[in-house]
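Each of the two blocks below gives one form of the same protein chain as C-alpha cells; they are labelled structure 1 and structure 2.
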Structure 1
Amino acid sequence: MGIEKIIFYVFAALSVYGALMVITVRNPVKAALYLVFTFFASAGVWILLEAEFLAIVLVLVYVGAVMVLFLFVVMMLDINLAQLRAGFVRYLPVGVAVAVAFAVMLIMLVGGDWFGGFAPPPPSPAEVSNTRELGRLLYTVYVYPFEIAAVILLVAIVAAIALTLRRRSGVKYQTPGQQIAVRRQDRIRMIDMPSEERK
C-alpha cells in the first residue's frame, strides 16, 4: 500500500467520523465544529486528487467564512433539545425514506459505469498549475454559465438584504461626513465680557 493510499484512508476516515459526529452529537455548537472538521478532512482528500485550488477554496470559503457565520447564529440561539427531539418518531418514516432514496442514488452514481473499476488518470506533471487551468476554463469555455451563476448569487444577496432592510423611526444616526466637516465656529461662541469683581 503506497503512502498516498494511507493518506487517503486517513482523511476519508476522518471525514466520515466528522460527518457522523455532526448528526449524533447533542450540542449544536459542537455539531457545527464537527462540520468544520469534516470540511477540513475532505479538503485533504481533494488535495490528494490534485485539486488543490478547490481544496484551498473549500477551506477559505466554507471554513473561514460560512461556518463562522453559522457558528455565530448557533451560539446566539438557545436551542431547546427536548423540543427538537419531540417529533423524532413522527418524522422517522419520512427520514428513512429520504435516506434510502439518497443511498440508492449514491450507489447508482458511485457504483455505476462512471465510477466503476477503471484505472486512475495519470498524475499531471508538477508544473501544471491547477489554478491557471481552472481559471482558463472558467473564463473561456464556461464563461456564460460562470457569469450567470455569479449573477444568480448576486440576486440572492440583494434579495436577502432587501428582505431584512427596514426603516425605523426615532433612531439616531451619525453622519461621519458631517462630523468631519464641523468647524470651531459651529460649536464655540466666544463671548467678550468683563470679569466679575470679587466681593
Structure 2
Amino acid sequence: MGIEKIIFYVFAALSVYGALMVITVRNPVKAALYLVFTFFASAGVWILLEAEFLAIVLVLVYVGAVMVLFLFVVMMLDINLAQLRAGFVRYLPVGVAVAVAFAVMLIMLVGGDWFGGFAPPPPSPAEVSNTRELGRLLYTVYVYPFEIAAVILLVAIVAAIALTLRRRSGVKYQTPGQQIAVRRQDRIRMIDMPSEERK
C-alpha cells in the first residue's frame, strides 16, 4: 500500500467521521464546526485527485463564507434543543432509508471496480492548468447545467429573502423617494442673529 492510499483512507475516514458527527451531535454550534472539519477533509481528498482549484474553492467559499454565516445564524437564533432531539428520533428511519438509497445509487453509478481501492488519476503534463480545464468544461460542455444551477440558486436566494421579510409595527423605515425629493428650504432654516461683542 502506497503513501497515497494511506493518505486517501485517512482523509476519507475523517470525512465520514465528521459527517456522522454533524447529524448526531446535539449542539448546533458543534454540528456546524464538525461540518467545517468535514469540508477540510474533503479538500484533502480533492488535492489528492489533483484538483487543487476545487480544494481551495471548497475551503474559501464554504468554510470561509457559508459556514461563518451558518454559525452566525445558529448563534443568533434561539433554537429549542429539545425539539431538535425529538425531531431527530422521529425522522431517523427516513434518514437511514435516504442514506441507503444514496449509497446504492453511488455504487450503481461508480461501479464496484472503484471501491476496491484508491485509483489515482494518471499524471497530467506540467503545462495543463486545472483552472483552465475546469473553466473550459463549465462553459462549453456543461454550460446549460451550469446556468440552470445558477438560476436555481438565484430563485433560492429570492425565496429566502421573501420568506424572512416581515413588516413589523413600531419600526421606522426610510423612504428613498421622500429623501430624494426633499428641498433645502425644508431642512435648513437661516437665522439672522446680531453678533455679540466680548468685553
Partner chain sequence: MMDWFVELWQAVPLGVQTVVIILLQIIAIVLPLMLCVAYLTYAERKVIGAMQIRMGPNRVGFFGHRLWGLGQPIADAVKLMFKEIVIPAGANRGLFLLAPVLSIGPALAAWAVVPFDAHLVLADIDAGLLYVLAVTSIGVYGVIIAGWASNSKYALLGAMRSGAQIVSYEIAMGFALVGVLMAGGSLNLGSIVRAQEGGVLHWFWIPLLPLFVIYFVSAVAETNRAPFDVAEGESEIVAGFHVEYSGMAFAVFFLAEYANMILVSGLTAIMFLGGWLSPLQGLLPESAFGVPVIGALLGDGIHWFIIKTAFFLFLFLWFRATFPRYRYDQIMRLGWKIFIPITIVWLLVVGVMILAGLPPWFDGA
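Everything numeric in this text was worked out from a predicted model, so none of it was measured. Residue 1 is the first residue of structure 1, and the numbers go on in sequence order from there. Between two forms, the rigid core is defined as the largest C-alpha subset superposing within 1.5 Å.
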property	result
Displayed copy of the chain that is the form predicted together with its partner chain	1
C-alpha of Gln179 moved at least 2 Å between structure 1 and structure 2 on rigid core	yes
Core-aligned CA displacement of Leu134 at least 2 Å between structure 1 and structure 2	yes
Core-aligned CA displacement of Ile188 at least 2 Å between structure 1 and structure 2	yes
C-alpha positional change at Val100 between structure 1 and structure 2 - rigid core reference, Å	4.0
